[in-house]
Each structure stands twice: as C-alpha cells, then as structure tokens.
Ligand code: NAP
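Only one chain is shown below, in structure tokens, and it's the form predicted on its own.
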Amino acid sequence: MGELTESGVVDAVGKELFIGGKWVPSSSGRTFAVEDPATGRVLCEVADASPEDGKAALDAAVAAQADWAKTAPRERSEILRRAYELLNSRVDELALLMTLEMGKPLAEAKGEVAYAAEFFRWFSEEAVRIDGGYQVAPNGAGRFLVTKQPVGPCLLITPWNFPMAMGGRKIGPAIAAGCTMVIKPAEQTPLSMLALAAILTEAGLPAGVLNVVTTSDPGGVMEPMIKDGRARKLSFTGSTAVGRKLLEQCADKVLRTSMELGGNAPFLVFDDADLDAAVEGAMQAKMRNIGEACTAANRFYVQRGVADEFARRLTERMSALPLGRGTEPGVVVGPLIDADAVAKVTELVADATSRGAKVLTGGATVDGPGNFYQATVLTEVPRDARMASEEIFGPVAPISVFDDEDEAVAAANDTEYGLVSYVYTNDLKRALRVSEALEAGMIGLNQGIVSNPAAPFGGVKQSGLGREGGTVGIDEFLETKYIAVSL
C-alpha cells in the first residue's frame, strides 16, 4: 500500500456497513467517531447502524445460509487459508490500524494479527475434519447414522480489547462449519473488523456469509436480531453483566449460545517455584494488552517465604516499563481504552490503599492527553479490597501473602469467575493437586500465557459457556443429527 502512514491505514479501511457483500451507509445516515485513546483525537467517522440495518444484515445472512451450507468443506477451508496468508502479508498496516484505534503497542498489535491469522489456519484444517458415525443398534435390527450440520445463521459480538483476534476466533469456526453470520464489533474499535471483512472478501468469501454492523447502540441493534428467531446461535465475548442480559434475550427463541465472559484470574506462586520464571510469567499474565484482558492475572497470591523477593523483582520489572503512545518505539505500556477505564483503575487502587495496601511503584494517572495509567505494584492487599473481586482491566498487580496450599486454593476460588488460573511450583504432585482443585476452565502451569488457537478457550462459573478454539471450537457451530435406519 506504499508508504505506511497513520492517515493512510485509516483511509484504506471501509467506513460503511458491510451487508450482503456490499459497503452501504447506515439507513439513518448517522455516523459515530472512532478515537485514538493515546491522544483523544478523532481518527474517522464510521456508519452508525440502526435496527433496520441490523435486520438487513440478518436478511442477507439468512438468504446466503442454504447455499453456503452446501459449499464443499475443502472450498471453505481454502478461503480460510487464503485469509490466513493475506493477514500475515499485511501485518504492518493492520497492526498500525489496531494500535491507532485501541492503543496497544505496535509489537503487541503485530502479535494479535498473527494470533487472529492462526485461527483461520487452524479452522481451515478443521473444516475438512468434521466427522460423524455409523453404529450397529444394540439389538442388531438397525443402524445409527450420525452427522453434523451447520447450526445456521449466527450473531457474533466481539470486544474492543482484541478487536481482530476475537473476530478470527468466532468467524473462523463459523466459516469452517458452514454458517453465515452477522458480526457487531465494539464501537471503540470497529476498524479492525471492517479491515478483516475486506480481507475475507478478497479471500473469496461469498456475499452474505459475513455481514458487519457497526453501531453506537448495540442493544438497540442486536436485541431485535436476537428476538427475530431466524438466527440460531449467538456468540459473545464481553462482560458477565452484558452476557446475563443476552442470555435472557436468547431464552425466548432458545438460541444456542457461547459466552466468553469476565475473569478474575489468580496467580499462585509457591515457595518452591523458580522465581525468575514466576516473575517472567507474571509480566506476561499481567501486562499482556496493558492488563486489558479477561485472562490477565488479577490477584497475585505468593507464599510467605518468597513474597518479599517476588514483590521486589516484579516491582523492578514493572517500574522499568516504558509508557507512551503505542506507535512510539519501545513502548510497552500504552493507553487504556477510554477515560472510564482510567477512572475504574484509579478507584480500585484508591480503595485498596485506603484499606492498607502499599504502593511499591506507580499508582497514579499520567498528565497530558490520552488515557494513561502507570504500571503499578501493590502489596499487603487485603482480601476485602474491591480489586480482589472485580476485574482491574489495567496495569495493576496486587500482591497478597499465603501460608499453605489449602489457603492459596481457597483464596483463588473465592470468586464468581473461573476463566483462568496461574500456578508456579516445581513440585509435580502439588502442581497436579492444585491444578485439579482450582475452579477454572484453563490453567497456566508454570507459564503466563494460555491462549492458543489449537487449545479450547473458555471458563466455568460466571466466566462463560462453551469453548472457542481447539478441536471442540467448531462444534459450537454444528448441530448433531441422528438418522435411524431399520434393516
């Protein structure tokens, strides 16, 4: 695309709705602004979909469903493979676009583009491996045939913190399974999804299979589509509070649902752990995406014998992190998504310190334009602090001390959430005991990153329903059909 410039990558992206294979303006003519969280300036205006636009997008998905379901698995596979290759060939411009609208440093944005592409590669391989079965009936008088078919038109809702990867994690299996879809990206970060739609079209995805509606009124646009009855599945990544509302709406038409909701990840460090590895894992688990991740370590529980040394090493690492606009070389701590996010982190830190927590580094906002908060380490964080039960979604690491294994597991499980837990220990028996005892859908055992397209991602309790990725990810978009045959 020639010389890579900020205005160039923004101008290259479609700003309209993508419905039925065409770029169209909102029926109301309205638009809304997309802002750079590092500067507060408006990057561009994009179409602001109305409920009527949502219906048009669903109409297009429904119209395309029958033909798309009949498409050969190999053809669906090759479309995904081409999309994978296109994403990797344009990583620089896509990463810059993501950094501009979301704020994460360029290095992380490039990593996310590669991560999104991997979902397309993984599900390109799964598309041709959808299986079934043939079984003799127990009485020998008949046969059972089992097949899997696409669930039908899907509604997909993605968050702002991973604007391209979460799209890939939902779109990939839907395409592989033979489902059409309407996707609504977060209003803060629509540009990455609009760029992804263009890439999939270039890769050969037929008109109507993917439809994108950008809107500043997500509830007003999505609820009519959910209650319409023609969509057969909803997949949502976002807060538990919104997930509960969507489940209520889906109940009326008994829509199949996948929910990847909030997290409150504990990070357990036992006194026999490799402290160098534990600190490195803590930096990954806490600072990935500036702490704005549902998998982010939210509560650090460290055994008393190594607590002071762990805190010292973590503070040394956190205090050295360069802060600034994500486009600047070497920056690790970019801006939070908006002013509300900064206010929430500020409130949580103030609450903890008012209850006796001590600030070892950071603990404050940054003057000037943009939504910045310093990388922060707190110690002596009491169990009744708000951040012990609420997602921080920012660069804050609160440390508490424990004495024994039972106490650590009890503290870790003392939450309504159960997405991921992290455990650092060199004792194999303890590693297995604790991993099995922790109430979480995923465990990072001596590693600080668990996300992988080839592994099942999801939580228990109020962290969600279903799994994305892995060999089970495509099953969320398939229905099992049993055919009884009498001999």
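The numbering used is simple: start at 1 and walk along the sequence shown. None of these values were measured; they are calculated from a predicted model.
The protein also exists as the form predicted in complex with the ligand; that form is not presented, and the subsequent description refers to it.
Listed residues 208, 370, 238, 152 were compared with the ligand in the predicted bound form; 238 is the one with a heavy atom within 4.5 Å. Only one of the listed residues (219, 322, 305, 73) places a non-hydrogen atom within 4.5 angstroms of the ligand in the predicted bound form, and that residue is 219.
Three-residue candidate spot 166, 242 and 393; every residue lies within 4.5 angstroms of the ligand in the predicted bound form by at least one non-hydrogen atom. Shown alone, this chain has one stretch from 101-109, 124-132, 311-319, 183-191 that lies within 4.5 Å of the ligand in the predicted bound form by heavy atoms: 183-191.
Proximity of residue 457 to the ligand in the predicted bound form: non-hydrogen atoms within 4.5 Å are present. Among residues of the shown chain, residue 266 is not one whose heavy atoms approach the ligand to within 4.5 Å in the predicted bound form. Residue contact with the ligand in the predicted bound form: residue 160 places a heavy atom within 4.5 Å of it. Looking at residue 261, you'd find a heavy atom of it within 4.5 angstroms of the ligand in the predicted bound form.
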